[in-house]
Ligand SMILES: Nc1ncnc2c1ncn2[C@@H]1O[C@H](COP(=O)(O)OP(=O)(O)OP(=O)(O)O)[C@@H](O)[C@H]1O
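Listed next as structure tokens is one chain, alone, in the form predicted on its own.
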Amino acid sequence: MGLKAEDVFRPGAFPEYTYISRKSTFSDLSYEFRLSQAIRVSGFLTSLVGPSKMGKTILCEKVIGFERIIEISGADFNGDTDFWKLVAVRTGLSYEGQVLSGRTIRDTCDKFETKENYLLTKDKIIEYYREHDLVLVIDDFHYAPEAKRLLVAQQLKDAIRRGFKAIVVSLPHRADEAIRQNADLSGRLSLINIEPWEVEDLKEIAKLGFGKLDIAIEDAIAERIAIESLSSPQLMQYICLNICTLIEMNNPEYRSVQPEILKTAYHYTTANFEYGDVVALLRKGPNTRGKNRNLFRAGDGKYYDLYELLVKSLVENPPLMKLDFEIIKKRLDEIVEDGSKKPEQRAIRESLNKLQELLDEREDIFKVIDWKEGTLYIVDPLFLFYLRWGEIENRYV
């Protein structure tokens, strides 16, 4: 039996048939080699930093293996979380409880049982990890509260000295000072920066995958999909899988990817993306407290306030995951109708600051952008893809 599309293109799992090995711009060593080397160095903590949906977890699975990874997330922590208790639970170890112990009374031969409380110590957990050659992977470390990040860094410093292996995964522009700028960890860090995927690397996923399925794809079409994937291999896998679904639904005998199918595939890819409330919040912005906002006339003849314009500016071509303030201002000016009043720089910056404050107060799914030091980062490529292809008014940009 031949391979199925879902076997080849796997956006949410390890891509057995479409795994692509990469190197950084500044090294001739593969990321696989560098990570393998890092976790073999005794007494060192590995810091793995890269944009969201770039395959950092897949890299760990490739190098370490599913059976050796114990994964926790920064989102699992709050102010009261016991780090070692969380590690024990995720490992399948009983951290605390009661055991029965039996005793016999001398001369009478009478037996009785008592219950004794136990608490698994940090040393026992570290010993278990060493004996079973396990590796703790802390994903999305930036989601943990700042005070907890500092505490975890202190705990890891002591643990790695005893042979405990751990990898801390975070975003490049988020606060990772608790690890990388921690004086106590100085000289004990293996630093690996995962760069965004290049179009050429993403194209290889399509070429390799469609080749496995005996579906022809032209280089130019593979490049169009790669550009729209926003440097995310996960998104590339997702789009390619939906292209296969459309081919199977409409013409299963026609074994090639045609350009007219792409926009439909992009839209179908957003079907299960839950960003509608996020987009609505961004467009609405903070509470106006009864004040009227300034409106700007766009080239389409409609009027928008500044928050609505900012959302529209993210959709513009080319799709970018990082926008300096100058790019944002230029895009806004181009959206607003020629001859009309343009948004002022001060108002734009204030609106971005208020949006950041608004998102910081919400759940993790709302933290899709990060306005920091004059640059707007799109944290989640799936969000930007949804903006471009899931929203009715932007669907066919």
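So that there is no doubt, residue numbering starts at 1 and follows the sequence shown. Here the structure is a predicted model, which means the values were calculated and not measured. Basically, rigid core = biggest C-alpha set you can superpose within 1.5 Å across the two forms.
The discussion below concerns the form predicted in complex with this ligand, not included here.
Exactly one of the stretches 47-55, 347-355, 334-342, 366-374 approaches this ligand in the model of the complex with heavy atoms within 4.5 Å, and it is 47-55. At a distance threshold of 4.5 angstroms between non-hydrogen atoms, V168 is out of contact with this ligand in the model of the complex. Proximity of G74 to this ligand in the model of the complex falls outside the 4.5 Å heavy atom cutoff.
Taking the partner from the other structure, this ligand in the model of the complex has no heavy atom within 4.5 Å of any heavy atom of F210. Mapping the unseen interface onto this chain, R388 falls outside it, with no heavy atom inside 4.5 Å of this ligand in the model of the complex. Site annotation in the model of the complex: the residue of I243, V87, A144, I205 reaching within 4.5 Å of this ligand with a heavy atom is I205. Residues G12, Y19 and W197 are all found to lie within 4.5 Å of this ligand in the model of the complex, as judged by heavy atom distances. Scanning 209-248 for heavy atoms within 4.5 Å of this ligand in the model of the complex gives P233, Q234, Q237 in sequence order. Relative to the superposed core, P319 shifts its CA atom by less than 2 Å between the shown form and the other one. Once both forms are fitted on their core, a CA shift of 2 Å or more is seen for E71 between the shown form and the other one.
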